[in-house]
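For reference, the chain that follows is the form predicted alone, supplied as structure tokens.
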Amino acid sequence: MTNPIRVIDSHTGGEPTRIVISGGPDLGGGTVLEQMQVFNEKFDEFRRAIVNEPRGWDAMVGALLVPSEHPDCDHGIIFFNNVGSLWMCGHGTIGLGVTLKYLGQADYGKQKIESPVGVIEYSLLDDSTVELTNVPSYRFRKSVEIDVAGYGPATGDIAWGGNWFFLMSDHGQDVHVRNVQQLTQYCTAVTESLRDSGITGEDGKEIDHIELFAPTDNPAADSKNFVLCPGLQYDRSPCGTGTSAKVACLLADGVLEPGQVWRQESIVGSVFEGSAQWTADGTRCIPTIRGTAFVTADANLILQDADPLRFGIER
């Protein structure tokens, strides 16, 4: 039997995060990117044990607190889901801010944390509200035309917000929570179309998040979205990296002015507030995303030697 693995569960706008506080593997130090590479190569069983059934479920996003050698950071963080690690996770970082406050390891105000894609900053504004300053984000390609098998032609923008996104307003889908199955099927077809057409992010990086936009009747929001993540699960939150990619595109189009707030509603009705400022050279923007998270559990996970599914169900 392993030693207990302590986890703190939270949700950000409905999207769950499970952060491993203790009992995780020793990744040998180095940058968080280097530690993530070790995690991917040697500890995939641990990932599955934390977020996959029977202890987790497909929508669960996990995170592992790791040491950081960066002089400005007290912690590093590696995010992962039901099929692998993630470059970055906005809703998870908001959950992290609330979790560290719950543990007494951080107080209100600004904190910096090292992620695989660089140092990110967040401010804990109260016990449940976090404002994330994300990595530099940008639109890579505008109005990319694709032919979605079974649906027909569509267009979208390719943008980076900490993950690679294909953002679509031209899709013909009814973006409503009652249509999650149909939306998942459509976004899966989009992913396949991008792959079959050889359409990627910069440097050939896979586009593994699809984001659909639609008008909203919520007076507290400017738009509604549906985001399909790797592993065929939709984001219950408005998606922090997806909202970062969105405001980068809006800023590039002149729809948003620097610092102007965009209120993004999720498929379940939760809202993030996003804005951005241009970097000095004008090629990237720095997004700021504000959302709320709440702790839902403080638990110890047990992996018993005799349990044939102690490392989770492999997908």
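Note that residue numbering follows the sequence shown and begins at 1. Every value quoted in this text rests on a predicted model; they were computed, and no experiment measured them.
Omitted here: the form predicted together with ligand PYC. The next part is about that form.
Pick from 229, 183, 113, 78: which has a non-hydrogen atom within 4.5 Å of ligand PYC in the predicted bound form?
After the contact test, the surviving option is 229.
Though ligand PYC is not shown, can you say which of 86, 98, 194, 158 has a heavy atom within 4.5 Å of it in the predicted bound form?
Checking each option against ligand PYC in the predicted bound form, the one that comes within 4.5 Å is 86.
Can residue 163 be called a contact residue for ligand PYC in the predicted bound form at 4.5 Å between heavy atoms?
Flag for residue 163 set to yes.
Do residue 245 and ligand PYC come within 4.5 Å of each other in the predicted bound form, heavy atoms counted?
No, no contact at 4.5 Å.
Choose one stretch from 211 to 219, 231 to 239, 148 to 156, 196 to 204: the one whose residues place a heavy atom within 4.5 angstroms of ligand PYC in the predicted bound form.
Stretch 231 to 239 is the one.
Residues in 89 to 116 with any heavy atom within 4.5 Å of ligand PYC in the predicted bound form
89, 90, 91 sit within 4.5 Å of the partner.
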